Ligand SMILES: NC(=O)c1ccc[n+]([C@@H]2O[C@H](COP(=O)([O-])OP(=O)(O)OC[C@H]3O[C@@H](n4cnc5c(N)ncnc54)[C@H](OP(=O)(O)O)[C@@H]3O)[C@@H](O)[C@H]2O)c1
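A single chain comes next, written as structure tokens; it is the form predicted on its own.
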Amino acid sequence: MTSTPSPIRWGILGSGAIARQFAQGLRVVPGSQLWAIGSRAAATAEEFARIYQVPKAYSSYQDLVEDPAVDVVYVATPHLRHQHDCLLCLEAGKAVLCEKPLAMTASAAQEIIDQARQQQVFCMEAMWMRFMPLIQRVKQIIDKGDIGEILTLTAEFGYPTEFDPQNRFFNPALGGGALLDRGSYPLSLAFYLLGEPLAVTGQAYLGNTGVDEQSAYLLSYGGGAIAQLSASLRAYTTNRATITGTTGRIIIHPPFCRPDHISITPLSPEPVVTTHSPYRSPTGLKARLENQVKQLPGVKQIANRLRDRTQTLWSAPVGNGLNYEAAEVNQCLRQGLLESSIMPLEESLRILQVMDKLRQQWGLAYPQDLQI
């Protein structure tokens, strides 16, 4: 008779919106128990515990990480606190899943990574997009070479956000701006599918508070591949991603961070535009008849449908999507792993190094940059 493994007991630091979403997502992850919630206010912790049936409610983060029953902590605090709170958990020997970005700067992320490796404790950035089933399917298709050599990747992520200079979206002291909050998604997707770029450049509109309210990033790779990415706090963008290879194209339909369908279109590797054949104007009866047929109602649409060999794959996510990253952490912990191969710490660091470089190009500084 096989014994059922004990549930992995989770603690959550922070009680804001993302903490509540994670608590909801954890409900559908087998072998998990939300054991403890930590907040800086006792009343807030107790309310959270009541709503989500959490056995332990702590009015300090320190008390939560000292609970011997907690196996892993989800750090759901604001960007500004990620470094401090991750180190707090790691020093207590607790595995960590930290809400993205892992830290506000690459140097802060390096401290977290060094501590995790020194303590030999699991740590991962919570880039939940990577664990979505269809994102995993896209990765498999590309790695198998089913759309040939990748040439371009475009991805944009933006929703209009109400302006409040004190809110984390717009306050530079809190890591405000489109880059850290929304640009992390297209950047992480590009790293996941294409790897680390050879060069990066970007443009940004810095608003009244000094943060990037809109920004765009151009990444170039060996072999000529280019990623064109953007993020916005002002515009409702398409929120989709398109990957084009020499023999096919994949569209990740919006929102690309949590897709329920993707489209795959085979493409001919043959050039569409020729450079050597001379142009010949259509003459004669045959050419006139062909042109007349093309003008008939519906003929062009029928011809396009016959030529279109697009395949659409549907896969509705289970839960709210945050459950997939939690399931990855559970699996890693049960296997005794210290990092996830899907979201390794080194890649979190490289992405933050790109973000630092972009901010330097724009003249966008956070108070934390003084620590670099």
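All values reported here derive from a predicted model rather than from experimental measurement. Note that residue numbering follows the sequence shown and begins at 1.
The same protein also has a form predicted together with this ligand, omitted here; what follows describes it.
The putative spot formed by I18, R40 and Y61 is fully lined by this ligand in the predicted complex; each residue has a non-hydrogen atom within 4.5 angstroms of it.
This ligand in the predicted complex comes within 4.5 Å of a heavy atom belonging to E99.
Among residues of the shown chain, G25 is not one whose heavy atoms approach this ligand to within 4.5 Å in the predicted complex.
Taking the partner from the other structure, this ligand in the predicted complex has a heavy atom within 4.5 Å of a heavy atom of P78. Proximity of Y185 to this ligand in the predicted complex: non-hydrogen atoms within 4.5 Å are present. With the partner omitted from this view, the residue of R168, H261, H84, R240 that lies near this ligand in the predicted complex is R168 [heavy atom within 4.5 Å]. Residue in contact with this ligand in the predicted complex (any heavy atom within 4.5 Å), chosen from D71, D181, E156, E213: D181. None of 204-212, 139-147, 242-250, 99-107 except one has non-hydrogen atoms within 4.5 angstroms of this ligand in the predicted complex; the exception is 99-107. For the stretch 323-357, the set of residues having any non-hydrogen atom within 4.5 angstroms of this ligand in the predicted complex is empty.
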